[in-house]
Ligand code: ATP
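First, one chain by itself: the form predicted alone, in structure tokens.
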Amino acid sequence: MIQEQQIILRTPAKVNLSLDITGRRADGYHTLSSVFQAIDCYDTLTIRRIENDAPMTLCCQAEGVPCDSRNLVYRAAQRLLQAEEPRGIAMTLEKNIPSQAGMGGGSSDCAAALLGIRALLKLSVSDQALSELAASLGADVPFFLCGGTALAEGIGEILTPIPDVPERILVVAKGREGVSTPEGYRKLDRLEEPLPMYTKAVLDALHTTQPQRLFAACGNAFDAVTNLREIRKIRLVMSSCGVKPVLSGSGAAVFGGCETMTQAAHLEQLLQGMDFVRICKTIPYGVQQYGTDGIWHSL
């Protein structure tokens, strides 16, 4: 018998303050330039150490979330422990970040599994090796190892950290509908007119003392081809409040930057009919561990 130990992690969502399509590679993958920003909307992943010979388990309360190798958390454990059927740990995932939203929930959970298992089992895996493993699991996964703000290039795997930016207030909303990323790219490929580019303007405005300058610069290439009914409704409500609506990732979540908490609360109230709506703030960190002191700490 061994004494049970556990680690509790919170895994932040992200929004894309900008998303430019910069090209298409010979293998069909699109290249991009995007500013990733972590926000304070979290899933929670608890990892417990159990009997060494006990098969690994993954549980999740959210309907439709697989708890086998279809889940990035499960695959992260397989790859990190180098076993098709890992043993000795039990994981519980509590979902709050909506799926098919472009908010990186699955990638963030995956990063948390990598960091948490390494810490709990005291594995001798370097940060560089962990980052390479993260990139092999998903283009967005390495970002959540550090979080904060970063410029993503290539297919999203080339990350340049950006110094901490002033805290910003956002309202994020999503309906029940999801968005197919492959279909979004196919629609972009069919466009004849050149797409606007947003990343340079966002980078120039990140550290401004004027929030509206940053919010006005934000934009996403997928906005040109994503027009679901619920997204149209969210855009209309945000625009009516003087807030610029912007897709995150390939959608279907839409965010809008607000200058004050009062403005954000009013907008949140107007969007209450949506499946998901939340006031969020930007944060300068990624996955965090709950400490014995009752405080969250970056790993």
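Model, not experiment: these values are computed from the prediction. Residue numbers run from 1 along the displayed sequence.
From this point on, the text means the form predicted in complex with the named molecule, which you will not see here.
Exercise. So which of A217, L93, V172, L80 gets a non-hydrogen atom within 4.5 Å of the named molecule in the predicted bound form?
Worked result: Of the candidates A217, L93, V172, L80, L93 is the one lying within 4.5 Å of the named molecule in the predicted bound form.
For this session: Name the single residue among G147, G116, G104, G156 that comes within 4.5 Å of the named molecule in the predicted bound form, judging by heavy atoms.
Result: None of the other options qualify; the answer is G104.
Exercise. With a 4.5 Å heavy atom cut-off, would you call L120 a contact of the named molecule in the predicted bound form?
Worked result: The answer is no: L120 has no heavy atom within 4.5 Å of the named molecule.
For this session: Tell me, yes or no, whether S99 is in contact with the named molecule in the predicted bound form, where a contact means a heavy atom of each within 4.5 Å.
Result: So S99 counts as contacting the named molecule.
Exercise. Does C241 reach the named molecule in the predicted bound form, with heavy atoms at most 4.5 Å apart?
Worked result: No, C241 is distant from the partner.
For this session: Tell me, yes or no, whether V73 is in contact with the named molecule in the predicted bound form, where a contact means a heavy atom of each within 4.5 Å.
Result: Contact check for V73: yes, within 4.5 Å of the named molecule in the predicted bound form.
For this session: Please determine, with the chain shown alone, which of 46-54, 260-268, 63-71, 226-234 has non-hydrogen atoms within 4.5 Å of the named molecule in the predicted bound form.
Result: This holds for exactly one stretch, 63-71.
For this session: Could you list which residues of 111-149 come within 4.5 Å of the named molecule in the predicted bound form, counting heavy atoms only?
Result: If the 4.5 Å heavy-atom criterion is applied to the named molecule in the predicted bound form, 111-149 yields only D140.
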